[in-house]
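This document starts with one chain, in the form predicted alone, laid out as structure tokens.
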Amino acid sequence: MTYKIAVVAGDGIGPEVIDEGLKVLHCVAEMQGFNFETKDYPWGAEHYLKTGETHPESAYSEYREMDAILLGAIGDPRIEVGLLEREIIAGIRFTLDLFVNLRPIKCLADHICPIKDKKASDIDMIVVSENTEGAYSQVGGIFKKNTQDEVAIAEMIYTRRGVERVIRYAFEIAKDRPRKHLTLCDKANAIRPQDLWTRVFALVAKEYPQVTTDHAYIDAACMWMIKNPEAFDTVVTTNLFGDIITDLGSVLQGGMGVAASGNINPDGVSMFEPIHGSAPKYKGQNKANPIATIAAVSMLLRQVGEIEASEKIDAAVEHLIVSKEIPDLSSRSGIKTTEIGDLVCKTLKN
């Protein structure tokens, strides 16, 4: 089997962590007996500054012929905040209908668990966020900008179809996990249109009697994730709330350097990325932690059906963290970016 993978390395530390992700992918592919081909795309700050182009429409037809997309990081302080992120990341999500944002939150070792009196085993959840509607739908704008009469309007858009399909996807995830438990996270008490989520969740739940359910408002959920993280197994929520609780969750699992995400279209091509930013101040220093990108590669492999390869990568990373061969998950660890990729490959082979 040969998989075709589109690679958008992006900005800042993006190319460095992508190199290590591909290094591990090459290693596990050789072990498992499958092949892959990559096609690099230049989208990002340097390309934009040279050409004025953010992301051409023609690229989408090429992506649809791929098995997956691997993204490094997008963003550069020389460019308007959010411009590249909206054009590239959001553009890919919306155009390819990547309606699920999938973010595992799992602490791999007791010594990196940041919560007093909690163990690594208490933090093992997966967050399913809607990825193409809600607060990020870009419906709205600014009127009379930079005047005393300026008005800024942003609307949250929820459709019955969009809500139901992501809730159903979350139930499918939950039923295959050992605890079979799903939490809906919204703010329907204050944002009444989110009652759509509450009602659809209750209806879909009837089709999954093997899955237990509960409900949390976003503010309470943030509190409970710190106080009682063991209460969460699978969570389904809106895109904005998903962004909030998964960044919180990344700290519970060791930091942004180990947190990965998938942007999923179950019937098409999907995109995988670390959830950290481009961190331009660390660019070219060979000190960024590539574990999140390696974890994104593992998610990519699972999505295309290479389950055993994915599990081997996860096991190798867990071994390195538990054994403290990678003692510190921050950029201050003293272990170089390239050395972490080498350690993962060495562990896989052993």
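In this text, residue numbers run from 1 along the sequence as written. Just so it is clear, the structure is predicted and the values come from calculations on it, not from any experiment.
Heads up, the form predicted together with a small molecule isn't pictured, but that's what we're talking about next.
Practice task
Could you tell me if all three of I89, Y136 and D243 have a heavy atom no more than 4.5 Å from the small molecule in the predicted complex?
Solution key: Judged in the predicted complex, I89, Y136 and D243 all sit within 4.5 Å of the small molecule.
Practice task
Let me know the one among I275, L96, V200, V211 whose heavy atoms come within 4.5 Å of the small molecule in the predicted complex, would you?
Solution key: Spelling it out, the residue with a heavy atom inside the cut-off is I275.
Exercise for the section: Check each of D195, E85, D219, E230 and return the one that places a heavy atom within 4.5 angstroms of the small molecule in the predicted complex. Expected result: Selected residue: E85.
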